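Below sits a lone chain in structure tokens, taken as the form predicted alone.
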Amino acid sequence: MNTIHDMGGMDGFGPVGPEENEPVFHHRWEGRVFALTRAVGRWGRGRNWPGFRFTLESIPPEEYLRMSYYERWFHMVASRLLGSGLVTEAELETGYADSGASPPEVLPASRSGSLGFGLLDLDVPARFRAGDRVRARNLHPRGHTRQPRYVRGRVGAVVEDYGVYALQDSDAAGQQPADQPQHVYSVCFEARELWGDRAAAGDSVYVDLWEEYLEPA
């Protein structure tokens, strides 16, 4: 998606100020949001919730920039629950059960046959090998993608083949229509290829990219 969440390679947002001895959570409510995210997971079974990242990337840019990290997570949880009818607007507003709403039910898991996120033991031919020059395709999907915007159309070199993984991109509705197992590569881009002469001559960026994102250079 070409939205504000893809901030890699962008400038004008000021320096990044690391916080020394930063706590896991800055406020108690942040820990509760994290726990809530884990707790509601089973309610998504059989309901085809939009993907986690797709939901975050659908937040309007002005709201996305205003929200803190865990505010975005809470927005994601609330959007999923409201969208699937598990809670009502009144319940979300008050924190109390809506007497006029039907009690929610846990559904059986759908048999999607998803290949998941991990390394797959599948014999899929690799299109590229270490040392190959490749160009990141200039793709502009309407759904979630793992291809950073700043590498699109840029040329790099394959450094390593990580093996076969299921493609994690989604469609425009936030669903993952097909796993599409394929090789994932570490691709090295020279900094000046990405950002021109203002980048340091000796710097490079290594980006992990699915084979579908690449074409021979």
Partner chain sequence: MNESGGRPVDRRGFIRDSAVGAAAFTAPGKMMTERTEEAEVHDAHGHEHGHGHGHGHDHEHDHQDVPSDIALRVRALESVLIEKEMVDPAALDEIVDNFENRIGPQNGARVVARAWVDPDFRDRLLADGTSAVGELDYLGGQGEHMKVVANTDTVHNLIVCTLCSCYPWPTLGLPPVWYKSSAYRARAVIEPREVLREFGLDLSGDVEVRVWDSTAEIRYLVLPQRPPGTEDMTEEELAELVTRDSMIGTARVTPPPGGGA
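The term rigid core refers to the most C-alpha atoms you can superpose between the two forms while keeping them within 1.5 Å. Residue numbers count along the first chain shown, from 1. Treat the numbers as computed from the prediction; the structure is a model and nothing was measured.
Heads up, the form predicted in complex with its partner chain isn't pictured, but that's what we're talking about next.
Asks: Since only the chain is shown here, I'm wondering whether E215 would be in contact with its partner chain in the predicted bound form (any heavy atom pair within 4.5 Å).
Replies: E215: no, not in contact with its partner chain in the predicted bound form.
Asks: Although the partner isn't part of this model, could you tell me whether P60 comes within 4.5 Å of its partner chain in the predicted bound form, counting any heavy atom of the residue?
Replies: Output for P60 is yes: heavy atoms within 4.5 Å of its partner chain.
Asks: Can you check whether A173 is within 4.5 Å of its partner chain in the predicted bound form, heavy atom basis?
Replies: A173: no contact with its partner chain in the predicted bound form.
Asks: Does any heavy atom of G31 come within 4.5 Å of a heavy atom of its partner chain in the predicted bound form?
Replies: G31: yes, in contact with its partner chain in the predicted bound form.
Asks: Within 145 to 161, which residues have a heavy atom closer than or equal to 4.5 Å from its partner chain in the predicted bound form?
Replies: The stretch 145 to 161, when checked against its partner chain in the predicted bound form, contributes T145, R146, P148, Y150, E160 at the 4.5 Å heavy-atom cut-off.
Asks: Does the C-alpha of G100 move 2 Å or more between this form and the one not shown once the rigid core is lined up?
Replies: After core superposition, the C-alpha of G100 moves 2 Å or more between this form and the one not shown.
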